[in-house]
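What follows are structure tokens for two forms of the same protein chain, given separately as structure 1 and structure 2.
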Structure 1
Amino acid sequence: MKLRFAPSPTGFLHVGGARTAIFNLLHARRHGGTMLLRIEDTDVERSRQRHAEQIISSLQWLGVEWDEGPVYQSDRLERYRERVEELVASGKAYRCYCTVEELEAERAAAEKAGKQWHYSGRCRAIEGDPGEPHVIRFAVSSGTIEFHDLIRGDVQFEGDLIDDFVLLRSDRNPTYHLSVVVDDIDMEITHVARGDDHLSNTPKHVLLFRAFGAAVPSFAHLPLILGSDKKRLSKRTGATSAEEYREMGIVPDALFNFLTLLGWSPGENREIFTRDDSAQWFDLSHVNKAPAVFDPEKLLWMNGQYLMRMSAEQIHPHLLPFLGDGPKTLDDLRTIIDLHKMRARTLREIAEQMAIYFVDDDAIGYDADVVKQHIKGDDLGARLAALHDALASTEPFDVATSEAALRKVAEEQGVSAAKLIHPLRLALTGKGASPPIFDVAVVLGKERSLRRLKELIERLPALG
């Protein structure tokens, strides 16, 4: 068994393409088959080498591996020309000398007359001069074309409704239809899993496989991924490329898992699982038929689930690209990552939250709402001073001892611990929300914590 992912390098890796790649990979892994990566760059107008490189880089980041390739179709142009000549020789394809301009004019005229235009196939009969510019068209025969789709079941099309399509362009480059079939034959592809948008092209491919006397592979047409507007996912409704999610701070395992669930389910209410698990359970024939809407909210949730389950060691390398100035080594960040990983949904959020540890102690910006809510009472200054003194004499300075010290002060002052904890959080972080505040204090260390507390006490009069 052999499958392939065959993107065309005309842009970034689209999440729909990413899912197609994943489904191919999973099916191959599940059945002990091999996976090929093929770059379909026969459209010289739109294909770019840099796009191919970006797609490959995105696939690597996502963890979609392949056993063979990447194969570039642009390296195999002679092969397509050679095979198409075989079809011409056997009368299954023919040279067509109609120009694009002529055909366009016919099409426009038909449209004007309110009629449907079809290529007449008139060049089938003529014997032109092969030295003149021409394309090579496939001679589509009438009759029903039937094939089995692993996802849709049996599908049929009428040959009469399919125009004689172009196989080789006038610039001697193959069209997608030719190259894809020649390659799938040469590379011994047994299963073709691709986007739903190719379903209507499949009868053409079936005809070509037969014309070449080759076995027709199994097909599986995956439903599209839609945006929240129920239309094909586009920039308007959300990020469309895998790269954008990477930059957003989504971890590859989470995107992989999430994409896996778009159109497929392992059943038994399983949602979060490893690649190995999915490779064990996956089967193309259990993929949904209906298109799925991409829900960024659920992706964020899933990413959060992954982050909180990952160790600091695992998160660290993914986090590095999001870090600004400040410490970057695992040893410096381990505790902080552990403190924040369950409070963030993306790597970017972790990085942002980490900023509190690296600002200067006298440069903390206080959240106005928090000030309003917790900074009040004439005796607050005195209480905080008492807290400062208590913490100053706390030795060793750890989570348990610092908390005990604070609670003791609260008791002596006859107030609830919360009356001291909230201002302390404001002093240390400037915010109303943070990891448990004594953990924060320990990360900062006794000296810096005291400095920040002192800073708040000094700024108290100005805060009202």
Structure 2
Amino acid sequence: MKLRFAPSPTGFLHVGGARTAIFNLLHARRHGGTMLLRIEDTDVERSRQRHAEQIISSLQWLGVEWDEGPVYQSDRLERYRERVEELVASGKAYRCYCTVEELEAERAAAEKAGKQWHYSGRCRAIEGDPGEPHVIRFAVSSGTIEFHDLIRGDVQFEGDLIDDFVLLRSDRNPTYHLSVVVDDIDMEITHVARGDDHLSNTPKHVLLFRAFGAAVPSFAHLPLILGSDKKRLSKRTGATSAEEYREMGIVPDALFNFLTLLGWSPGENREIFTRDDSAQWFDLSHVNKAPAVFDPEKLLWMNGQYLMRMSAEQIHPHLLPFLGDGPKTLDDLRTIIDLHKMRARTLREIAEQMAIYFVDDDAIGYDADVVKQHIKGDDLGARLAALHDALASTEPFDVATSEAALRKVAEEQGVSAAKLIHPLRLALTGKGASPPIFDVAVVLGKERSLRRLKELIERLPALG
């Protein structure tokens, strides 16, 4: 068994393409087969090398591991020209000398008559000069074209409704139909899993496989991915490329897991599973026919689940691109990562939460709503001064001793511990929510915690 993922380098890797790559990989792994990466870059007008490199980079980041390739179609142009001439020689394809103007005139006439335009095939009987500008068309025969789809079941198309489609353009470059089929034959592809939008191309490809005397591969047309508005996923309903989710702070394992569930389920309400698990369970024939809905909130939830389960060592390399000018070594960040990974849904959120540890102690901005809610009372300054002194004399300065010191001050002051915890959190983080504040204090260290608390005390008159 051999499958292939064959993107066109006309932009970044779309999440639909990423899912197609994953489904090809998982089916190959499940059945002990191999997967080929092929870059379909024969569209000279739209293909870009930088996009090919970006697609490869995104696949590597996502963890899609191919066994062969990448193969570039632009390196195989002579092979396509050679094979199309075989079809001409056998009478299965012909040279068409119709000009663009002539074809447009035919189309306009058909529209004026209220008919759907269909190429007449008039060049089938013309013996023109091969040196004159021309395209090469496939001679489509009438009759039913049938094939079995692993997802849709038996599919039929009528040959009478299919034009004599172009195989080689006038600039001697192949069309998608020719290059894809020649490659699938030469590269011994046994299964073709691609998006539903290719379904109308498949009868043409079946005809070409048969014309070349090659076995027709098994097809699986994957359902579309819809946005939250139940329309085709677009920028309007969310990010559409794998790269955008990478920049958002999604970890690759979470995106891989999430995309695997778009149109397929392992059963038993499983939602979080490893790549190895999915490779044991997945089969293209189990993919749903109905379109899948891309739910960004579900992806954020799943990413948060992955972050909670990952160690600081696993998170650290993915987190590095989001860190600013602060410390970047694992030894410096291990404790902070472990403290915040439970409270974030993305790597970007972790980085934003971590920033508070690396700002100057006198440069913390205080959340206005938290100030309004918790910074009040004429005696607050005296209470915080007492807390400052208690923490200053605390040894060792750890979670248990610092919490005990605060609770003792609260008891002595005749107030609840919360009356001191909220102002302390504001002093240390500038926010109203954080990991347990005594853990934060220990990470900051005794001296910095005391400096931040003193800074709040000094700014109380202005805040009140």
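Computed from a predicted model, the values in this text were never measured in an experiment. Throughout, residue numbering runs from 1 along the sequence of structure 1. Under this definition, the rigid core comprises the largest set of C-alpha atoms superposing within 1.5 Å between the forms.
Which of the two structures shown, 1 or 2, corresponds to the form predicted on its own?
Answer is structure 2, the other one does not fit.
**OP:** Look at Ser265 and decide if its Cα position differs by 2 Å or more between structure 1 and structure 2 after superposing on the rigid core.
**Re:** Stays below the 2 Å threshold, so no.
Practice prompt. Verify the C-alpha shift of Asp197 between structure 1 and structure 2: is it 2 Å or more after superposing the core?
Written response: No, its C-alpha moves less than 2 Å.
Check your understanding: For Asp362, is the C-alpha shift between structure 1 and structure 2 2 Å or more after core superposition?
Key -> Asp362 C-alpha, core-superposed: shift of less than 2 Å.
query = How much does the C-alpha of Asp229 shift between structure 1 and structure 2, in angstrom, given a rigid core superposition?
reply = Comparing between structure 1 and structure 2 after core fitting, Asp229 shifts 2.7 Å at its C-alpha.
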